[in-house]
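Starting off, we have a lone chain in the form predicted on its own, written out as structure tokens.
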């Protein structure tokens, strides 16, 4: 029972990342009709926003180490600690949460620039052209990050107060042996909040209602005198923010490197296909479902029976879904069927 609970939590945690990226992919496809293979790169850029904030907050000055008296020794001490003492230390410790506030406007501007500068010119082009140009853009972003930050993963810790594990076994009456990292629980909660916020925005605001109407019939909405294109541009920016925030919050779980976006993109695109192209609910449901399946497939008991199953389980499920229901679990009729 303990192992099953931990695997479910692992699956929900990983599924949260898949769902957030897939949600952005589906938003872009549903509104603009663009298959955006650069969306994983936005996840990576969000992660490196957190890395950049940490590097800025830890800018240091060489000062004399007073603890060594035999000779003159120097150590690096962050400016924030020199200026603000213990409060500066706490600011550095909370670099990841601080990065969330900073990443929102940055990712919004990046998303708007991408849509205005490149994506809008491929609205009516074949999907193959869209995939090629966005995939090329993703590679360019990867190489830029690699040139600035190097090829190695960069550890970015969570705040010390949530660096340990939560005694979920005690809370659920399963004993003290069942624990789970606090930050992973926070990430799961964060994923749920962001997903709820996006759905609430689309469902209960006038802006969201126009966007949903435009997803179904753009021409009719345009004939009503509504500037649909401007709203869709903003939606692209929102999708970039969602992907970026997913990346920011994931850095304490997986130290970011330049190709992490492509790793998550491939899996998230499979999630979108399984959930159904253009279906927001399908993308979220498939993200969590496939995350749980992948988590259980990674158990040693399963891998002993079928070696490597954890690496291919998502693709096997996708193949079965596409064969049985080509439009995905919750896909709309006619989407990607031309």
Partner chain sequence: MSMPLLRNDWVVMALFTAVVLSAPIWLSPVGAGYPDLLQKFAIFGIFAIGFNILFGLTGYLSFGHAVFLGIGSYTAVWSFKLLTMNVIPAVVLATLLAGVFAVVIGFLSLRRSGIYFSILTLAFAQMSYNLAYSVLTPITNGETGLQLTMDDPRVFDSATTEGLPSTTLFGMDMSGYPGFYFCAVLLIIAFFISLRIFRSPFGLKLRAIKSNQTRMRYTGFNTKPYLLTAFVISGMYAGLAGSLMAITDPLAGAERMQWTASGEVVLMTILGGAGTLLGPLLGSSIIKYFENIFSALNDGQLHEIFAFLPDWLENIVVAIAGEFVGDGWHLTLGLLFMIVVIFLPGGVVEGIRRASAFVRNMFNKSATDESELSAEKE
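Numbering follows the first chain given and starts at 1. All figures in this text were calculated on a predicted structure; none of them were measured in a lab.
This protein has a second form, the form predicted together with the partner chain, left out of what is shown; the following refers to that one.
The partner chain in the predicted bound form: contacted by all of 133, 273 and 326, heavy atom 4.5 Å:
Yes, each of 133, 273 and 326 comes within 4.5 Å of the partner chain in the predicted bound form.
Worksheet entry | Contact label in the predicted bound form: residue 280 to the partner chain, heavy atom within 4.5 Å | Contact with the partner chain, no.
Check whether residue 227 has any heavy atom within 4.5 Å of a heavy atom of the partner chain in the predicted bound form, and answer yes or no.
-> Contact check for residue 227: no, nothing within 4.5 Å of the partner chain in the predicted bound form.
Residue contact check: residue 128 to the partner chain in the predicted bound form, 4.5 Å heavy atom:
Yes, residue 128 sits close enough to the partner chain in the predicted bound form that at least one of its heavy atoms falls within 4.5 Å.
For this session: Check whether residue 265 has any heavy atom within 4.5 Å of a heavy atom of the partner chain in the predicted bound form, and answer yes or no.
Result: Judged by the heavy-atom cut-off of 4.5 Å, residue 265 is in contact with the partner chain in the predicted bound form.
* **Proximity to the partner chain in the predicted bound form, single hit among 209, 118, 104, 82 (heavy atom within 4.5 Å)** => Looking at 209, 118, 104, 82 one by one, just 118 meets the 4.5 Å heavy-atom criterion.
Exercise for the section: Select from the listed residues 293, 312, 302, 56 the one whose heavy atoms reach within 4.5 Å of the partner chain in the predicted bound form. Expected result: Checking each option against the partner chain in the predicted bound form, the one that comes within 4.5 Å is 312.
*Heavy atoms within 4.5 Å of the partner chain in the predicted bound form: which stretch among 140-148, 184-192, 96-104, 239-247?*
After filtering at 4.5 Å, what remains is 140-148.
Using a 4.5 Å heavy atom cutoff, which residues in 26-48 contact the partner chain in the predicted bound form? It's fine if the answer is none. Residues within 4.5 Å: 35, 37.
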